[in-house]
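Here's a solo chain for you in structure tokens, the form predicted alone.
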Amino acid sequence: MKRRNIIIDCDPGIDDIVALSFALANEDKLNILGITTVAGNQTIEKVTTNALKVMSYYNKDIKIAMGQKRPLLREKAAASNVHGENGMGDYQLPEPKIELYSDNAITFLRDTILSSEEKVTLVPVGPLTNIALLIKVFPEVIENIELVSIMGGSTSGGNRTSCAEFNIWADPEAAKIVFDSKLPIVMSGLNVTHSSGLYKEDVEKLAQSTGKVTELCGKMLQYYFKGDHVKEGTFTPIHDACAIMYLLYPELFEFKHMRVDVDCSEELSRGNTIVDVRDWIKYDETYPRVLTNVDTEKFREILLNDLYKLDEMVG
């Protein structure tokens, strides 16, 4: 299998860190060209520090570039109630030993994509601010983007509001730009990510581990069980890992090409992804590939196995 060039655009964030760990466990299949950060789960300063801390903790020398500190048109709204004040479920890591590669994620993305001999896959698992700015300011990159694997949106109901998933709600104008771009898109929405995760006993076992990766992930994920965003207190979604899992194991998912629009109005409907789910309407492959179902048990099994595998790789 040929290694896929990827750049992960994220806002670490508990599930972002699990997703990054999962990607690192598969560097034989994924060529991680860089990590870019965006304000979302916490402020840009906190999420960028978290990315630096985790990569330093794992002894990984991957370029990290800091992105936008606020949405295109709106004010920043963090999710500290979900991810804690530091964005890592209040888990404390040592100060990073590595330095920020760039304080301009947009030019980093442009330069990295244009200089790559092979096309690049973007994996945005936070608000889509960086990606929207990239394709608007530097449209020449579009020809060298193979795929955009997004964690965001939903075909039915939200988590930030009754209508909207957080990443899309946080910057709906950016999301609309990306979905309207005609780029090849895979959308991992809440309708699938809510069934993509780990059971409470899995998390407890991870937290009791002596491995760097598994202990970190387990103790962070325990924070989720303090809130009301887990299924009946027994299962936690790990939303962002879906966007990585699809690249590695697309056979775990069912999908349908559908039109996706984004509501940029105010009040309750803000950030709603309006997805045409009518069975009798047929959209061709130029429309987003919207994931509709996932094999929960295989997702769980692969994710756990790879987190333990990364323990051995980072020592």
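Residues carry their position along the shown sequence, with the first being 1. Please read all numbers here as calculations on a predicted model, not as lab measurements.
Below, we refer to the form predicted in complex with a small molecule, which is not included among the displayed structures.
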Counting non-hydrogen atoms within 4.5 angstroms of the small molecule in the predicted complex, say which of 125, 134, 220, 244 makes the cut.
125
The one option of 166, 108, 91, 235 with any heavy atom within 4.5 Å of the small molecule in the predicted complex is 166
So if I measure heavy atom distances to the small molecule in the predicted complex, which of the stretches 140-148, 157-165, 108-116, 69-77 falls within 4.5 Å?
157-165
Even though the small molecule is not shown here, does residue 190 get within 4.5 Å of it in the predicted complex, heavy atoms only?
yes
Wondering, does residue 50 line up within 4.5 Å of the small molecule in the predicted complex on heavy atoms?
no
Partner contact for residue 41 in the predicted complex: the small molecule, 4.5 angstroms, heavy atom:
yes
Any of the heavy atoms of residue 171 lying within 4.5 Å of the small molecule in the predicted complex?
no
